[in-house]
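Quick heads-up: it's one chain on its own, the form predicted on its own, in structure tokens.
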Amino acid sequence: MGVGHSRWATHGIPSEENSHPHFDCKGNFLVVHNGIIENYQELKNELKQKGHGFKSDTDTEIIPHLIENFAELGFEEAVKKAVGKLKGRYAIVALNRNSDKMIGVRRGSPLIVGVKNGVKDSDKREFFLASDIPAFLDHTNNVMYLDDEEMVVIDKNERSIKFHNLERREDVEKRLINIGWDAGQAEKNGFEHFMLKEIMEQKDTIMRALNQDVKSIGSMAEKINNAFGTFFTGCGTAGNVCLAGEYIFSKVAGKHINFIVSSEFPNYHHFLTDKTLLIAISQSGETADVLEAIEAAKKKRVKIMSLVNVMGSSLDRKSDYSFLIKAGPEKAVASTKAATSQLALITLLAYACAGKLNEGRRLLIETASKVNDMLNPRYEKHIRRLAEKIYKKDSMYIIGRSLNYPMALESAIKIQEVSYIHAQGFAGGELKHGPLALIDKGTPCIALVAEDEVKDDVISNAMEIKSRGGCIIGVAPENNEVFDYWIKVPDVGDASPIVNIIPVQILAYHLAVLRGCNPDYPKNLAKSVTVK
């Protein structure tokens, strides 16, 4: 029995003093914690007045001291009393040196129980607590989910587990769910990094995303068509997918769907009614800002539809309608295969709303086939040669129009987060309104081009950059004289965002490796952003 925590610095600098676990005064109670305790300063002052001493600058350290304050009530009751004083979002795991119990509590931040040998042999039963399934996937894929305001108590001697709802003050039963992933999916399988493995898996994952129940797709299309106001919401990469969805629905289905980044969504509650539909997108299903957005929506009785990768995640369970994108575990912090699966499913829904579901399926199946052809060693080598030419550059810029403007934004995120090169994405038409001032001789600029109605405009924008000394990298179905370096992509019509982002994912990966960065685990970032 033990605990550990890879700490993401929120309060206090990353240091040994601030690392977890944290202890009470006597060293009897220890806690690891994910989240933010909003009233920690007030509680810390109260505890200091009672004689408690602190060794760190973290908000976490107040929790074991609070438990110590109620120690005479027994371990379980002391934890209940302690968390009752906390404000904010958290997942907590606590141990007591004088007890054979491990206790976990959740409010807002994810906490998942893994159960090994849970059905066949209770004498050999093992339990795991983590914020994400891949943490224990080597041991089990059978899980039980905590909901908000719930506590789990694991007894080492009894090899037993029980769940308690803190609000209702009663024990609750939990289902054991097999999430269908296996440990092999979360291994590198001969690849140097997870990021490259997951990029290459897009040969299969796009097709898996399309493997949806036709009746469910039709039913959701009808709900989208009948909603009085529909919104997309997501963060980071999922947010860029949402923005692409806004364009796709406009072009394919003639529907106006608003995208609002999740951290800002609660500010739009004035527009929400019980006839509104919110489509939330998240790889993990545990993104704090996304969950807060749907909480704000539910207060107005808005119906929630989600596109999510993790079965049984908070977003999956809190949604009225949910589609699994079926990308499998994504270990690298930078999202690749999940993003294209999300794009494929959004495109399919847009075609369904237009009454063209079969046409959309044919387009996307063809796209998946062409992605399979793209992802070969020769293609990757061609992109690596480009990376070798530009990896020492300090800044890069990406332009796109229409469906590929959101992919310009997503390209910038990919390059930023894994290679640490300053990268920015722009709508091509915005260049004259400021960005051209950033162009110097040799500045790398990626132009995302599709065979569509804005192709000539994007090429013209690339000309503007080149005339000021920029080096143009064309991601396009056909070569053009303006390109200094051409990366070929297939012509797939309205599915162009899917094929145009993939070569930039590969470029970002090789830029990171050449610059000595770890593309799987970028500094200052986490895979699942479970704190605000």
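Computed from a prediction, not measured in an experiment: that's the story for all the values here. All residue numbers are counted from 1 along the displayed sequence.
One more form of this protein exists, namely the form predicted together with a small molecule; it is left out here, but the text below deals with it.
J.: Answer with yes or no whether Ile304 is in contact with the small molecule in the predicted bound form, where contact means some heavy atom within 4.5 Å.
T.: So Ile304 does not count as contacting the small molecule.
J.: Determine whether any heavy atom of Ser284 comes within 4.5 Å of a heavy atom of the small molecule in the predicted bound form, and answer yes or no.
T.: Although the small molecule is absent here, Ser284 would touch it in the predicted bound form, with heavy atoms inside 4.5 Å.
J.: Looking in the predicted bound form, any heavy atom of Pro435 within 4.5 Å of the small molecule?
T.: Pro435: no, not in contact with the small molecule in the predicted bound form.
J.: I'd like to know whether Met407 contacts the small molecule in the predicted bound form, with contact meaning heavy atoms within 4.5 angstroms.
T.: Judged by the heavy-atom cut-off of 4.5 Å, Met407 is well away from the small molecule in the predicted bound form.
J.: When the small molecule is placed as it is in the predicted bound form, which of 236 to 244, 69 to 77, 96 to 104, 141 to 149 ends up with heavy atoms within 4.5 Å of it?
T.: Comparing against the small molecule in the predicted bound form, the contact stretch is 236 to 244.
J.: What is the one choice in Ala354, Val261, Ile161, Val333 with a heavy atom within 4.5 Å of the small molecule in the predicted bound form?
T.: By the 4.5 Å heavy-atom cutoff, the listed residue in contact is Val333.
J.: Ile383, Val371, Ile413, Leu363: which sits within 4.5 Å of the small molecule in the predicted bound form by any heavy atom?
T.: Spelling it out, the residue with a heavy atom inside the cut-off is Ile413.
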